[in-house]
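Just the one chain here, the form predicted on its own, laid out as structure tokens.
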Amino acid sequence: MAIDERVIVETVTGMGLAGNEEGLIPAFGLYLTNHYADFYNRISFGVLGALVRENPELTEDAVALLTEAAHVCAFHTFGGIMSSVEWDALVQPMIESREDWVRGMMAVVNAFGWGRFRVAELLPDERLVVELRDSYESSGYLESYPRTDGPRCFLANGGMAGLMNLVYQGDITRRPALTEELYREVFSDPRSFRSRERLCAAKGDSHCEFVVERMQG
């Protein structure tokens, strides 16, 4: 494959990403933050638990809320990275196909410490299957809660749908402005991509796995 993940991970890891005096990390055309994974987990799982305790019928709404937050995060974070000068210098020279945008972004993500992502299957403009090991969401969940009967990697799951929508639906290769209007256009399309977490370590599986496919509309 054209994408050399080892080179990308080593280069991004060696960039010395660190917060400025305001605690922000200006990189990849974004302002990133560096904080404990448990900080996000406490908020995410706390919101889920609070809504379910209020009304068990709100479970699906709570999951949808957290997934939507992940869609927005992926749109701006992944979109910003793939539009940045760092991407142009490091990843763009390796790209030979649209699918390499997906693989290249996955390599960058693997330098961020969110877990170990691997593209298991990629059918152009149709389907993506990603395996994730050492997910900080599933690991964090099991540190604080008993094994669950449903998936818990809300950010990773929504992020995979966001990536496919950026590459195939929003055509990030043309470097569009990442506006709220574009977000609504991309994610409200009846044929946009959605992801489901087929396997999750939080419910006893050996790893987490996400299947991303277009909605049938």
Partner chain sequence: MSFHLAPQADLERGITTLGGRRLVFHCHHYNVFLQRTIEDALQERAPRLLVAAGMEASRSMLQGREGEAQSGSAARVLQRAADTFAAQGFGRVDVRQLGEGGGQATLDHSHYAVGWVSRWGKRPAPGCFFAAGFLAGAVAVAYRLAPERVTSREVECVAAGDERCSFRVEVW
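Keep in mind it's a predicted model, so treat the numbers as computed, not measured. Numbering follows the first chain given and starts at 1.
One more form of this protein, predicted together with its partner chain, exists but is not displayed; see below.
- This chain is drawn without its partner chain; in the predicted bound form, the residue among 72, 142, 95, 119 with a heavy atom within 4.5 Å of it is 72.
- Residue contact check for residue 171: none of its heavy atoms lie within 4.5 Å of its partner chain in the predicted bound form.
- At the 4.5 Å threshold, heavy atoms of residue 199 stay clear of its partner chain in the predicted bound form, well away from it.
- Although the partner is absent here, residue 204 lies well away from its partner chain in the predicted bound form, with no heavy atom inside 4.5 Å.
- At the 4.5 Å threshold, heavy atoms of residue 167 stay clear of its partner chain in the predicted bound form, well away from it.
- Contacts of stretch 21-38 with its partner chain in the predicted bound form, defined by any heavy atom lying within 4.5 Å, are made by 21, 22, 23, 24, 25, 30, 31, 32, 33, 34, 35, 36, 37, 38, listed in sequence order.
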